[in-house]
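Presented as structure tokens, the chain that follows is alone, the form predicted alone.
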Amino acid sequence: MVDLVTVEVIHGALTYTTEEMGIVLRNSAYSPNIKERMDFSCTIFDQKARLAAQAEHIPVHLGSMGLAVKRGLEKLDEPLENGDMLLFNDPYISGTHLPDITLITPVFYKDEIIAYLANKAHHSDIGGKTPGSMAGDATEIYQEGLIIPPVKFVKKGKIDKEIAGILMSNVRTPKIRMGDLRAQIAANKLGQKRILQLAERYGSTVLCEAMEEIMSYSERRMRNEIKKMPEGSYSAEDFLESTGTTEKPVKIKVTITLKDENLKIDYNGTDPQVEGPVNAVLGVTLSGVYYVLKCVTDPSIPMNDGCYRPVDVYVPEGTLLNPSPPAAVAGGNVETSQRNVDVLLKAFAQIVPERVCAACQGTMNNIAVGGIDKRNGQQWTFYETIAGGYGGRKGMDGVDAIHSHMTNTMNTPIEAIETIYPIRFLKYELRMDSGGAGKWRGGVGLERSWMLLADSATLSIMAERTKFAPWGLYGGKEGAKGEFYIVRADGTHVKLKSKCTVKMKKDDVFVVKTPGGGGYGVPIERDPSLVLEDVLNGLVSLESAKNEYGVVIDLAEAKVDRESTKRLRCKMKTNCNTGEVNG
């Protein structure tokens, strides 16, 4: 039995190793999507291929990594040897979508595997019908890019040139792709070094026993948290607004059942898989479950395989959240994953209401664009996700202009974008009045626009919440819906669907207005001084302050007219004592 002090020291070392792997990956990468947005995740697994430690990276990557490692290793015809690295991106194995390439490395100590390292990085192009490999109208996975089954990309320490040649022949920006793949290799090599240092210091037996104890500790704490929740069954549902090929809404339904120390998540009632790119493979669905579970329990519980053990997830095959190939799935990873979280939080709002926020923007606002840059004759592809509003929470406003839930990426600086790509930014600002009104306001979204400098380009959008607004909680109002459009060089405005692929020409301007988060609590209960602060910060207009919050502001004096506010608020109530609001 390993002493608890040693267990905690090893736990800290493993966790920081994953963070250090991420630093190496970021610093070594070529693409802005990885170097600037940090769209990657790093993990450590024990010798039984169970998650032992992870960095604070991307939830949709991390929650699917356990399934990816398990299935990836199962697909091997021959075992991994020292110096080998396994590469693949098949979503039905890796658990996300084709742009996410997974790399697994065994750690050998005295001819025995004592751990596995795994990282996953989003490559800004992996082939397919459109630049960026995020076609909003794809109907099967073959249109979304190159499918890579588990292969030994690195053999005995050297990259397999034949496999690399196949990969590079099927992407639009091969130099950048290979640079990013080498960055993934470098990250795992660093992880190998750190694990071997731990094995040398403590012995491989102690290291493996410590990993086991770390997982058991997380399991005990997670079961204790679940035990505190009221037993029973709780259901919720929400909708995707379209499939990418039709405007028909698609339902996600979940029932959460709690009994003793166990939790069952059942997706019976969810719509069948669709002909469009919004299907989410099983790994994506599981990642949403694990993320929400962490949100509504104790964030200090170490995240590893032990956290998952009290949870039983049932997802019917052939449905939106567990499709059968060759269903297209690029948008399932980025959009359906967000709606899955919304549905789960709706259900948990009935169980632990004080721990659930109103709906966040509910989309990643995926933008992929590319073409030929005549300045150098090279193909270019650019991919990004754009922040929006976070939902209001008990005692706290939602955060403004932030990536939420299943994504955890950074902002790509416009200076980096303009330096590399034929794009010029015209606007990048907070979107006034987009946050849902509430006692605790929803965070506001963004307005962002840029002009195309190249002769032409292909633009793909994969987004949500342009029809169904982010919902509020406990009397809070909805957040603003998203908008996408192109302003042509002649001044014509072309409104775009939330999932589409279109052509752009030189001097066309692309405009994005991202959704705000939902409000939490009755708006007229908001402290008037906070409304004034929002107005002064450009987050709420004078009209909204009056109409939504019943607050009259004298902007010339920069103060609240208390008497007028009191009278207006009384008019907004059916009863000044109850706080009920007129419809």
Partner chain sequence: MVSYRVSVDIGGTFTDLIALNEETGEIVNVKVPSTPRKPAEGVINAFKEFLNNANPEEISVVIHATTIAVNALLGQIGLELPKTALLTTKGFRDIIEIGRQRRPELYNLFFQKPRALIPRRLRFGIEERIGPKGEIIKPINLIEVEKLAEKLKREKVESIAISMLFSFINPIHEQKTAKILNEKVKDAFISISSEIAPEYREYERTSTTVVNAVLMPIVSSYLNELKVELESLSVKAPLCIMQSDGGIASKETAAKKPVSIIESGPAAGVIASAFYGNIIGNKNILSFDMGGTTAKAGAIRNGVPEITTEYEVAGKVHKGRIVKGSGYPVRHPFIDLAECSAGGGTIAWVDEAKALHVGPISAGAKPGPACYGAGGEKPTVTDANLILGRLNPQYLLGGKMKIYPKLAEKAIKNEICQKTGLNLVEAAAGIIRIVNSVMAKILRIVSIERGYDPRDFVLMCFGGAGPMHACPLAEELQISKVVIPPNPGLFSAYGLLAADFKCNLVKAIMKKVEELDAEEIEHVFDVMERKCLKNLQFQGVPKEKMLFVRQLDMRYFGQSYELQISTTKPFLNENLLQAIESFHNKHEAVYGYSVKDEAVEIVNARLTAIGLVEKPKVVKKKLEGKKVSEDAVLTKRKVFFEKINNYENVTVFSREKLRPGNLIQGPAIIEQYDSTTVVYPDWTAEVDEFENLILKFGGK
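Numbering follows the first chain given and starts at 1. Owing to the predicted nature of the structure, the values given are computational and were not obtained by experimental measurement.
Keep in mind that the form predicted together with its partner chain is missing from the display, and what follows is about it.
Of the listed positions (139, 270, 204, 407), a single one reaches within 4.5 angstroms of its partner chain by any non-hydrogen atom in the predicted complex, namely 407. Think of it this way: in the predicted complex, its partner chain has a heavy atom of just one of 467, 374, 488, 221 within 4.5 Å, and the residue is 221.
Among heavy atoms of residue 62, some come within 4.5 Å of its partner chain in the predicted complex.
In the predicted complex, its partner chain sits within 4.5 Å of a heavy atom belonging to residue 533. Its partner chain in the predicted complex comes within 4.5 Å of no heavy atom belonging to residue 241.
Its partner chain in the predicted complex comes within 4.5 Å of no heavy atom belonging to residue 522. Contact with its partner chain in the predicted complex, judged as any non-hydrogen atom within 4.5 angstroms, is confined among 127-135, 246-254, 356-364, 272-280 to 356-364. In the predicted complex, no residue of 264-288 lies within 4.5 Å of its partner chain by any heavy atom.
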